[in-house]
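Take a look at this single chain, the form predicted alone, given in structure tokens.
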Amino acid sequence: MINGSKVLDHSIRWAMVGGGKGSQIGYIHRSAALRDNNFQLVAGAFDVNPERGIEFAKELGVAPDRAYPDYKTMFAEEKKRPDGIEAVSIATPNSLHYEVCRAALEAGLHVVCEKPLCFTSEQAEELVKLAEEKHRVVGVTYGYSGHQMIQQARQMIKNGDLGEIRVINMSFAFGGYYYKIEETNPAAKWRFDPKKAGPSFALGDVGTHPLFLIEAMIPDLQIRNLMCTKRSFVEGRELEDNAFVIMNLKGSEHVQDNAQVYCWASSINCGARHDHVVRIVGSKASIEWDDERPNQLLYEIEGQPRQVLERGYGYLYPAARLEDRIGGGHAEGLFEAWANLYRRFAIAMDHADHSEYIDFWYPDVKAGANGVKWIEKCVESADDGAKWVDFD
């Protein structure tokens, strides 16, 4: 169980690009990173308006002279300091992810980046190579993967409890953008602008979340090919607000050859809060996880009553109990999940001992690159009349 003690012998000096006042995602990053004291927020380029950024820095307890007008100035000035930053989180609109991540790596910094990591596979491959050359960690905030029941699912699949995986049904289909919300909500407006959001909205913004969840649950998962159809139902949108993807998988230790995957990514599912659900069907049993009930995992064996596995209890695999932050029966949520990921990021950045984890992993730069590739392949398929395309 995590009891709040640091896993490092010092705190990593950390900064943010974006995530200014009023930013929901910025607040989540800070809450997660600072929870276990493995990171210390010492600098930031929080806002495109420098004066606003300085005022917000003061609220956060960051020295005004370390609140910078832009990331380039911050990286240059912090490099001159003996106590300069060691890591940076990127919480900006999508269009800046690649250039800020590249600049941070070139400056010798570790990175935590919002998804998508970038817009193209070429950019992603460059970042993978640069991270390897610089020996720096790039973590991607697929935040839902920090929930402990994802670890339980992973261990059940590795242990063969489900048998061979045959079918995966997954969705992230919320309803909040069923009307032209971007006309009154600036935070929504940029998401439908290809110059700022990239080549996709529904697939890139929400579809990649369940994609990474199944990658986390099934470490040897490999996509053979896919077919995608997408469209925008709300008039005037340049990017899709709804998409369907079908995939065939390659056979592996835990996956039957040509296992099938279905994904629904949407922002127009009227009445749904998230509908972010992953169901994995094996030759012996099935499991299902819902992000609105993240502390539970449904476990179903043919001919037996449905079981509801609960976070924090002794019948779970040890790897699924390691990151408990409070005893079983108490609900843990998104902030805890993100804090679990930031704890792992810190361990990876510091090369700290991670033997306690039994099965140590985190969403890294290669996972981010795979998400970019998936978006590209989906768009390629949809733009060519929902044609099947090879993934490799």
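Every value quoted in this text rests on a predicted model; they were computed, and no experiment measured them. The first residue of the sequence shown is number 1, and the count goes up from there.
Here the subject shifts to the form predicted together with a further copy of the same chain, a form of this protein not shown in this document.
Select from the listed residues N269, Q123, T92, T141 the one whose heavy atoms reach within 4.5 Å of a further copy of the same chain in the model of the complex.
Answer to the contact question: N269.
Within 4.5 Å of a further copy of the same chain in the model of the complex, heavy atoms considered, which of V277, V100, A259, A197?
None of the others qualify; the residue that does is A259.
Counting only non-hydrogen atoms, choose the one of 112 to 120, 189 to 197, 78 to 86, 261 to 269 that falls within 4.5 Å of a further copy of the same chain in the model of the complex.
Contact criterion met by 261 to 269 only.
Test of understanding: in the model of the complex, would E310 fall inside 4.5 Å of a further copy of the same chain by heavy atoms?
It does: once a further copy of the same chain is placed as it appears in the model of the complex, E310 has a heavy atom within 4.5 Å of it.
Report yes if any heavy atom of F335 sits within 4.5 Å of a heavy atom of a further copy of the same chain in the model of the complex; otherwise report no.
It does: once a further copy of the same chain is placed as it appears in the model of the complex, F335 has a heavy atom within 4.5 Å of it.
Give a yes/no on whether G176 approaches a further copy of the same chain to within 4.5 Å in the model of the complex, heavy atoms considered.
Judged by the heavy-atom cut-off of 4.5 Å, G176 is in contact with a further copy of the same chain in the model of the complex.
Since only the chain is shown here, I'm wondering whether D291 would be in contact with a further copy of the same chain in the model of the complex (any heavy atom pair within 4.5 Å).
Although a further copy of the same chain is absent here, D291 would touch it in the model of the complex, with heavy atoms inside 4.5 Å.
Verify the flagged residues P50, G108 and M156 against a further copy of the same chain in the model of the complex: is each one within 4.5 Å by a non-hydrogen atom?
No, none of P50, G108 and M156 comes within 4.5 Å of a further copy of the same chain in the model of the complex.
Any residue of 20 to 50 with a heavy atom within 4.5 Å of a further copy of the same chain in the model of the complex counts; write them all down in order.
Counting only heavy atoms within 4.5 Å of a further copy of the same chain in the model of the complex, the contacting residues of 20 to 50 are K21, G22, S23, Q24, Y27, I28, R30, S31, R35, D36, N37.
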